[in-house]
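Just the one chain here, laid out as structure tokens, in the form predicted on its own.
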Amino acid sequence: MPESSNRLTRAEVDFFVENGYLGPYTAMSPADMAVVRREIDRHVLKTDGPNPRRPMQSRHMDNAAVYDLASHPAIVERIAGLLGPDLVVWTTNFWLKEPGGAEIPWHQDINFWPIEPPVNISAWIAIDEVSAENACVRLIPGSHRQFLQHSRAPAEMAIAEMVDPDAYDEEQAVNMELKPGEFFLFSERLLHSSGRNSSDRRRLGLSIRVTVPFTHIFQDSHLHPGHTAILAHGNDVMGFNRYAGRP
């Protein structure tokens, strides 16, 4: 059997350990993503999701196209090279930023999440073309090697908390520009942000949060009582979390 093209090299693993991210990689062509985008536009963005408080969250539970993106081999096989063969997609979230959409300040995702222990690698896959002009994600390499204190963000920001600007050097930031169907991986502690959408084009991406079976997923205010995950790769011998198949 030929070796999977999604298998990480030792150099890629070392880069992730040092910098906290990898990519971009390709899950599908822009033409193939255009088909998926039409499904998302019709049946995800215009409908309520499983979580009544967060309609963009966990749409893998009610839409097959989102489920397929969240469990795509190009994504989960690469993450297996970092976290091992047994992988759980514990949540998904669409990030829609229309023209003029608000800035997301610098933050570490683990500050917000209901998982214990805090083991996670995220994939962020572009549904639309993503550039600096329409507010691509920005990363600070190496910032994942420490936990940083968060405080209240200004009211005009898109999320409620942010890291103190004195804690990082924004000049080190990397713009993660992506074609539709491309994605990157990043640590739960990597500092990242996105600016205001200063273009006339929307920006839509999907974040896919991946952990391991020994992590507990809490049904707190971030998720909802009926939440289910995807056993995306390998096996779960722990039995801590709830799964559902392709909708």
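No experiment lies behind these values; they were computed from the predicted model shown. Don't overthink the numbering: it's just position in the shown sequence, from 1.
Although not depicted, the form predicted together with a small molecule is the subject of the following passage.
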item	value
Any non-hydrogen atom of W124 within 4.5 angstroms of the small molecule in the model of the complex	yes
Contact label in the model of the complex: E161 to the small molecule, heavy atom within 4.5 Å	no
Exercise: T26 in contact with the small molecule in the model of the complex, heavy atom 4.5 Å	no
Interface membership of Y67, the small molecule in the model of the complex, 4.5 Å heavy atom rule	no
Partner-proximal stretch of 35-43, 56-64, 174-182, 189-197 relative to the small molecule in the model of the complex, 4.5 angstroms, heavy atom	189-197
Contacting member of I140, I115, V89, V137, with respect to the small molecule in the model of the complex [4.5 Å, heavy atom]	V137
Complete contact of I104, H107 and R203 with the small molecule in the model of the complex (any heavy atom, 4.5 Å)	yes
